[in-house]
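One chain follows as structure tokens, the form predicted on its own.
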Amino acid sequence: MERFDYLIIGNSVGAVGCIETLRSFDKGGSIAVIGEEPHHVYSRALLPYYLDQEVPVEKMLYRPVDFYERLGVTPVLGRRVVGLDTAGHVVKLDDGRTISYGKLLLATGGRPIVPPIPGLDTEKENICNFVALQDLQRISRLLPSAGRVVVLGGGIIGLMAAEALHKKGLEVGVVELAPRVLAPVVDEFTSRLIEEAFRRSGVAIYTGTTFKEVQGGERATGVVLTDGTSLPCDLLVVAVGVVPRVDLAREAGLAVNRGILVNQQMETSAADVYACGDCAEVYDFLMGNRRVLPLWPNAYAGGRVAAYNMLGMKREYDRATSMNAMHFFDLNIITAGLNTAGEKDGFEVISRFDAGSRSYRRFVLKDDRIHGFTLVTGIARAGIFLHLMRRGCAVTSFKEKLLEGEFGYLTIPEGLRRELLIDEGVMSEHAAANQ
């Protein structure tokens, strides 16, 4: 039986964060990473650009092709883990092999949701998901015979798919069950800006409805919506989100809620087993509880914190919260924290929209602090707002300035500005003391 000091299940950003941290301190320990996909680690955020043919596969790699070799990592790719024995410190692969470990990281990610709708089956010839490289490769093969596409889901993945397929020259319709697109992610005004951008570009948006049935046999020919609308299609993309992949952890007896439960050291309920990324429930510093935060930066940071604790160097991950950066047509959008909360939830909301530049800013405030924000088009200062929010800084005295396009560190009262710049490492304590 093979044995590794550190074993990682899942080959994405959480694994990279873990590997890079482990190798920074342990030059000789053996490391292996197991991934179901046969590919080198790649950036999922670039998948739509692969479809655009703006980015070839080799430029989608999240780390160079010699990453595993250079860091002394054994990649076990194209294999699935089918069993985990936490007492024996052993995993079993789908080819019958067993591997033992000293420390284990579960970074198993998420699984695409396919709603139970008559005729909706991703095994059919022209019905695809949009979450992995093989999904995009399959769609690429179908494009020459496709003229009309229907995308199920008006969330981030669905809208990214719709834009990419529209740019390929297809007639695209997006179907979203909620009354507006991106409802769990942005406020109503931002949803309307996004819908307007899509409609202006020629993409049809259907909200407040969903599929009643998918027509056709082995090949989908159209969909009937619950409001009676019929939409013919040559390609159907299912993009209604993902759920944490927790089957392996649950069957192994680990504590699982919606995701695998971890403490702030990323430890699961089993000794020497850690979890991070889309499969785990992590501590949200704004909510004050644990929840699934399927975000790229959180996965990487969670992998790093897990690695520190695997090494016996106690670290806590206490900076996680919801955060998204999106780009649709001419709209750049960044959101963070409780950005969809409003007055009815007990928060103060301030906002400003500039019709000329189509710039929009919205801040959610409570107890003198920023609890969330949304930036549309003017996104350059997002890092400062995030810094203010994470540190819990008092902002009431300058809250109206948050809405100004020229807001920056110079806008912030001097004492607080020094603290922030020292915290970011921009200014030394000595320099601040001598100002």
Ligand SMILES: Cc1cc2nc3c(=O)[nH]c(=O)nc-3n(C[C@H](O)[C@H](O)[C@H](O)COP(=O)(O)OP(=O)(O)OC[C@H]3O[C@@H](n4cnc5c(N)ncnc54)[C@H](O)[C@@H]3O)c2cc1C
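Given the structure is predicted, the values throughout are model-derived calculations rather than measurements. Residue indices: 1-based, along the sequence shown.
Beyond what is shown, the protein has a form predicted in complex with the named molecule; the following relates to that form.
Check: Can we say 149, 178 and 223 each have a non-hydrogen atom within 4.5 Å of the named molecule in the predicted bound form?
Finding: Result no, not one residue of the spot touches the named molecule.
Check: Just to confirm, residue 22 within 4.5 Å of the named molecule in the predicted bound form by heavy atoms?
Finding: No, residue 22 is distant from the partner.
Notebook entry, point to check: Quick one: does residue 266 come within 4.5 Å of the named molecule in the predicted bound form, counting heavy atoms only?
Noted result: Although the named molecule is absent here, residue 266 would stay clear of it in the predicted bound form, with no heavy atoms inside 4.5 Å.
Notebook entry, point to check: Any chance residue 276 has a heavy atom within 4.5 Å of the named molecule in the predicted bound form?
Noted result: Contact with the named molecule, yes.
Check: Should residue 402 be counted as a contact of the named molecule in the predicted bound form, where contact means heavy atoms within 4.5 Å?
Finding: Output for residue 402 is no: heavy atoms all beyond 4.5 Å of the named molecule.
Notebook entry, point to check: Among the candidate residues 394, 45, 386, 380, which is the single one with a non-hydrogen atom no more than 4.5 Å from the named molecule in the predicted bound form?
Noted result: Only one option qualifies, and that one is 45.
Item checked: in the predicted bound form, the one of 34, 375, 51, 31 near the named molecule [non-hydrogen atom within 4.5 angstroms] -> In short, 34.
Note to self: Within 4.5 Å, heavy atoms only, one stretch in 334-342, 353-361, 251-259, 73-81 touches the named molecule in the predicted bound form. Which?
What the structure shows: Every other range fails; the passing one is 73-81.
Note to self: With the named molecule taken in the predicted bound form, which residues across 119-135 come within 4.5 angstroms through any non-hydrogen atom?
What the structure shows: If the 4.5 Å heavy-atom criterion is applied to the named molecule in the predicted bound form, 119-135 yields 130, 131.
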